[in-house]
Ligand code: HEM
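Take a look at this single chain in structure tokens; it is the form predicted on its own.
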Amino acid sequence: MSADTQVARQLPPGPDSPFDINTTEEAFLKIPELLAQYGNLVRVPSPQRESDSYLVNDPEYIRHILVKNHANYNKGPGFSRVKMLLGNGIIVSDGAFWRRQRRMIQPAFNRRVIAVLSQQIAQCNRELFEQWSAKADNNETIDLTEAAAELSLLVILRVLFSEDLDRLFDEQGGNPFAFLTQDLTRDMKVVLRFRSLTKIMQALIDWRREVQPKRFDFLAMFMEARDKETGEAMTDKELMDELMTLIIAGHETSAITLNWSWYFIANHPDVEQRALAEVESIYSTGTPDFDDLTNMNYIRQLVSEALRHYPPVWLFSRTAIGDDKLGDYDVPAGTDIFISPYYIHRHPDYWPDADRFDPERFTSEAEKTRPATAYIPFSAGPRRCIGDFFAMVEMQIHFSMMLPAFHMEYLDETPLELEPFINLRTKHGLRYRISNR
């Protein structure tokens, strides 16, 4: 590139010193400083990569990148670590292959399917209900962070493998996936242990092909899926990568959302009482009917506000394939784009008094007053999380079953500590005293 061309480009403001934007505690603390000093579009020189990094915190720019001109942006830095764990599933894949996989998987996440699978979600919550009842009878304390992780993992395994999960547990002498809720480092040791589970899942796939049992779960739908253009099914490697992706992404994000939702409920009695009143007005005891969930608007608002405060994916990236523009600024090909849901969710132009927990921000009327891309816990555009509706159903079922029965008293008096790595977690498990209502 000539010097004249470089001069002609209008680049965003930013610091002269290089800085590596990434899912680290250092970056988590540095990003608000950069936004405060330079505005909603910041150019940050990279210490390791040839191209600059752009930090984007403007809803219109985000909409341009994720929605209007999404074809010009591939997944960016940071996904190589995820790829080691998940393979080439729809979270990390790009281009024609990603479009093919998304088309094949999408039907499994429609409303009719989720309505049937909601019975599996309810069953997992019934099992947890029995455990919590025994603890509530004695006013025991629970680590809700741990309980949420275990529940979310069981839910995703149930909707993947349905009744074959019990057979798998019997064969393995327990839940071979349980370590995923106990070791959250996601280091190479965990990667290798997780990848070793492909043998167990491959054996189940082979058994289903041989026996052809009648099943209604995600695995059955993924195995039956065919490419509309070629008529081909997924290869075993493609199938396995999507299963691995769903297990990790499906349970971790839900666990984090449950953890934070309970935290806000326990610390806001008015929110708790309103959520409880809504549930009790819709149904009495047992398991809610799937159609009841559509009327649980306040539960949806509550969960949405928890996701605004603490989106599980707090930072993600894209890389520009070709030259582009954001407003008056040039985006050269190769530029790495970083978007933080955590910080756009706190933008004062769209979220007044952003640190206050207020589910009223998510009434239908309030949502019309701000750009859609000011709220992106599930990303946006064609690459919006495929499981967003499933996740909300999972939350609504859980709270509709648990809130009428149990009260949670938050016990930790020390300030919350965040762990802003690939996912935004609490550094320590959150403890509550559980009692019967």
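Small disclaimer: the values here were computed from a predicted structure and weren't measured. One-based numbering along the sequence shown.
One more form of this protein, predicted together with the named molecule, exists but is not displayed; see below.
- The partner is absent here; in the predicted bound form, the one residue of 288, 250, 359, 77 having a heavy atom within 4.5 Å of the named molecule is 250.
- The contact with the named molecule in the predicted bound form, taken as any heavy atom within 4.5 Å, belongs to 246 out of 302, 219, 344, 246.
- Listed stretches are 193 to 201, 88 to 96, 362 to 370, 131 to 139; the contact stretch with the named molecule in the predicted bound form is 88 to 96, by a heavy atom cutoff of 4.5 Å.
- Contact between residue 391 and the named molecule in the predicted bound form is found at the 4.5 Å heavy atom cutoff.
- Of the heavy atoms in residue 384, some are within 4.5 Å of the named molecule in the predicted bound form.
- Proximity of residue 316 to the named molecule in the predicted bound form: non-hydrogen atoms within 4.5 Å are present.
- Shown alone here, residue 377 lies within 4.5 Å of the named molecule in the predicted bound form, counting heavy atoms only.
- Taking the partner from elsewhere, no residue among 144, 181 and 260 has a non-hydrogen atom within 4.5 angstroms of the named molecule in the predicted bound form.
- Residues 307, 312, 313 of 293 to 313 are found to place at least one heavy atom within 4.5 Å of the named molecule in the predicted bound form.
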